[in-house]
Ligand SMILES: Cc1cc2nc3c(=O)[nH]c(=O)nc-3n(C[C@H](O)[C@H](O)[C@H](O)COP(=O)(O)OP(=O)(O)OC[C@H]3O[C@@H](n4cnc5c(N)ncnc54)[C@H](O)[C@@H]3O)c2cc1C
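The data below hold one chain only, encoded as structure tokens and taken in the form predicted on its own.
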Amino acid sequence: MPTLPHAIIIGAGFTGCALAHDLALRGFQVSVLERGEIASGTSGRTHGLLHSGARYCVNDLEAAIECIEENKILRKIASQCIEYNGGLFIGLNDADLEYLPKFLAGAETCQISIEQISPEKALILEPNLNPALLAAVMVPDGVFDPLRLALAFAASAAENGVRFFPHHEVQEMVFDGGGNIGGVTALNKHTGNLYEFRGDITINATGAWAGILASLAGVDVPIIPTPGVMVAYDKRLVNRVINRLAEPGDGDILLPQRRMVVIGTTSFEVEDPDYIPLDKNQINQMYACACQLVPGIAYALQRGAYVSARPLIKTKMVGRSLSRTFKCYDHKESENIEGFVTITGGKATTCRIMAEKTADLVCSKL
């Protein structure tokens, strides 16, 4: 090409920043528009779990395999952001024990390195666990600082020439004479001025807001914003990620984060990801679940409660049955609109592979 292709990325969360980094390495001119600060949406409100994939290895094998593969890669390329402390799945009742054989088989199928250990050994590793635990399995989980991970990708991207435009909210798509998208107009929320950004490709990386943004182009992206409540407590009572050995459910993960522990999460659907009120009943539910895993939570103080909306892809299944994997939409194929691509779904752990597959699509289109 006679000039560098220009990609406009809308959204500066994990995926948008990772995509900017990837495209810059491939020789693109890149502009990233974000209506707030970097990682000011869902990415800044995650609990910071580096998934081993074990949570999904029974019912969502595709997501599980993506997670364990990306877990290994992120530990290599972003180790400064990650506390690779490992994790435990613990069983507390007969139903958990019935789930154990399926869990072990699923982890083997997905090639997740695990080790079943005795309850006594688990209590030596983590003395604050519920002493009534009946089973324990070690898994390669970890935790990361959400802001640092996003900024690591963004800093590398900026070093390679990417321009970031925080506090620029997209107002409308710019169509060319043939009905295809050639850019966007965005409102600088500091100055109140409108600016036009022209590019060869526009990429929707807005996560839970992907459906709303896509509607500006007259296309449909089947995203269900699915929030979850997380609660932080002021004592670091464990040094590993503690998971309930059961089907994915509310309050099944407790993880250390700096000098705190965080319990997550619930799962419910909303129409507007910008308005998600905190439900006191869900906060109380998280407290009860945390105390089941680590009874010492009862002697800790609540540091804070927060909520974020997952960008789950709509399927025939509902609720927690929705897949945690991702999808990249080429709107030329689906709606015959050239110049517009959407990447959504997935998890923080899979942001790099989401960026890679999106960049592959963009390069093939150009």
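Since the model is a prediction, treat every value here as computed from it, not as a measurement. So that there is no doubt, residue numbering starts at 1 and follows the sequence shown.
This protein has a second form, the form predicted in complex with the ligand, left out of what is shown; the following refers to that one.
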property	result
Contact flag, residue 33 vs the ligand in the model of the complex, heavy atom cut 4.5 Å	yes
Partner proximity in the model of the complex: residue 53 to the ligand, non-hydrogen atom cutoff 4.5 Å	no
Heavy atom of residue 24 within 4.5 Å of the ligand in the model of the complex	no
Residue contact check: residue 19 to the ligand in the model of the complex, 4.5 Å heavy atom	no
Position in contact with the ligand when the complex is considered in the model of the complex, options 82, 230, 217, 245, heavy atoms within 4.5 Å	230
Answer range among 99-107, 121-129, 151-159, 167-175 for contact with the ligand, defined in the model of the complex as heavy atoms within 4.5 Å	167-175
Site test, 40, 309 and 347 vs the ligand in the model of the complex, non-hydrogen atom cutoff 4.5 Å	yes
Heavy atom contacts to the ligand in the model of the complex at 4.5 Å, residues of 4-30 in sequence order	10, 11, 12, 13, 14, 15, 16
